[in-house]
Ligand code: GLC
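Encoded as structure tokens, the following chain is the form predicted alone, with no partner shown.
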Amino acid sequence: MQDKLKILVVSVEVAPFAKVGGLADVAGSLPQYLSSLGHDVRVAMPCYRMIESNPKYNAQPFMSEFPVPINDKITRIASAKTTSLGKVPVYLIENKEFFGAAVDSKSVYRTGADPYIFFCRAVLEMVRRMDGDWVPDVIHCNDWHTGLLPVYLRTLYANDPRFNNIASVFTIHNLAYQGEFDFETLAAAGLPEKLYNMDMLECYGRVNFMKGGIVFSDLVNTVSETYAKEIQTPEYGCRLEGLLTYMASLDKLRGALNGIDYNEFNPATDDRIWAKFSSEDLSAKSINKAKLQETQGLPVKANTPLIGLVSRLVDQKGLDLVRAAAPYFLKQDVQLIILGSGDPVYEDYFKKLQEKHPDKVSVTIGFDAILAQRIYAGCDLFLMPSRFEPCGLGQMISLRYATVPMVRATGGLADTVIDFNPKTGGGNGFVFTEYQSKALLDTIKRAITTYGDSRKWSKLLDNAVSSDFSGLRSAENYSELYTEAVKRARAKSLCICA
């Protein structure tokens, strides 16, 4: 039986309070599932204006103003409010200069290192002042914005008895974004120059916050097992592959697949879709398809396969493959609905594609959470041909809504989608390996052919809705990581003291 732990999850975005990407979904759902397993979980995030000004979150004062020492010359002031995620307390770190301007999700992220230096120090200073009976056993840090927190734990706070038994787990959600800054940032963060070396914080002549999280935490994980292996190669390692290979050799690098909130993403109870359905009875899915076609300006055709794509419109998502393959697969009896924003090159291309094929293509630039759910529920197929994908949640959501994913075998996509075998009836989607437009085109053709065979399609849908990628399963994996991290932290005899 696993120990019940005190866990502090730290993230700069947490759904539903502030959401930019998949990190927010995980930071919002994982703590609640951990709580259901019996852990004492709390969450810390910045107090953005859009949170404290929204009455539905009912943010209340938690801790009055307290000093946050940044370095020898600068001390800033923080305070904290509190709200909740179900039964999970959420601490909102308040500082108007850094976080007060964020009135929507688009303005959450700030440029420069200072907001994140402050946030990491403020979290620890808040913990220092919390009731004596609540000290976290483990602090779970997420992505480079929290990368200095494990560094501080093992340096400036290493000799403080309140902190010396706290373990840290650092999760890499996307290695491509590392938080790289000039050498002067080290002094700005109040850290000693001796940490500026290739074994610690220096990376190609810059201070690297992501590297700090990797080096100084007790355990590091990525959000899928395949991504943990991929980032040890030059193709995916973003110049940290050597370090990550070394971490793996120490058994310090793991993969823990994300999950989704099966309460939120439940077609049987989802008020955002037109007609509810369940895994036992998919008949109402056809209503969602017809309404989606109608509202998006496409001809209502029950027997035409409808493909959905909900994505940031950037190279990472494999959209160059879609652009190359579209003129060919649109010759088929097929429809395509796209929702997303990003690179103006792709936005412009897809808008022109819609103009050229108004009876086959519908494009909405931007993000609409309700439309996204309706795409998941109403489409037959869901497209994710990513160049790389640390985990991906879209394929998990689509499986939950009986919409069959078509993916490239990379990262979490490789760990969640199994290629359908028409002979054995195994598999829950369509998968291709080579990053080539022909491979994508062949996959789409296979999917269209399978859609036309009612017996095979019915079997595939059964497989899809039987897939289990719930947040509870993910929380159980993280529980094991936390338990091991705590054991490692308490056995550690060597500290790097400032």
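Quick caveat, the model's predicted, so the values are computed rather than measured. When you see a residue number, it is the position in the sequence shown, counting from 1.
Heads up, the form predicted in complex with the named molecule isn't pictured, but that's what we're talking about next.
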#### Entry: Candidate stretches 309-317, 122-130, 237-245, 418-426, one within 4.5 Å of the named molecule in the model of the complex by heavy atom
309-317
#### Entry: Selected contact from Pro405, Pro385, Gly212, Gly392, since only one has a non-hydrogen atom within 4.5 angstroms of the named molecule in the model of the complex
Gly392
### Summary
Partner-free chain; cross-checking the named molecule in the model of the complex, the single residue of Cys47, Val26, Ile444, Ala44 with a heavy atom within 4.5 Å is Val26
### Contact test in the model of the complex: Ser168 vs the named molecule, heavy atoms, 4.5 Å
no
### Message
Under a 4.5 Å heavy atom criterion, is Val223 part of the interface with the named molecule in the model of the complex?
### Response
yes
### Partner proximity in the model of the complex: His173 to the named molecule, non-hydrogen atom cutoff 4.5 Å
yes
### Task
Look up in the model of the complex whether Asn258 has a non-hydrogen atom within 4.5 angstroms of the named molecule, and give yes or no.
yes
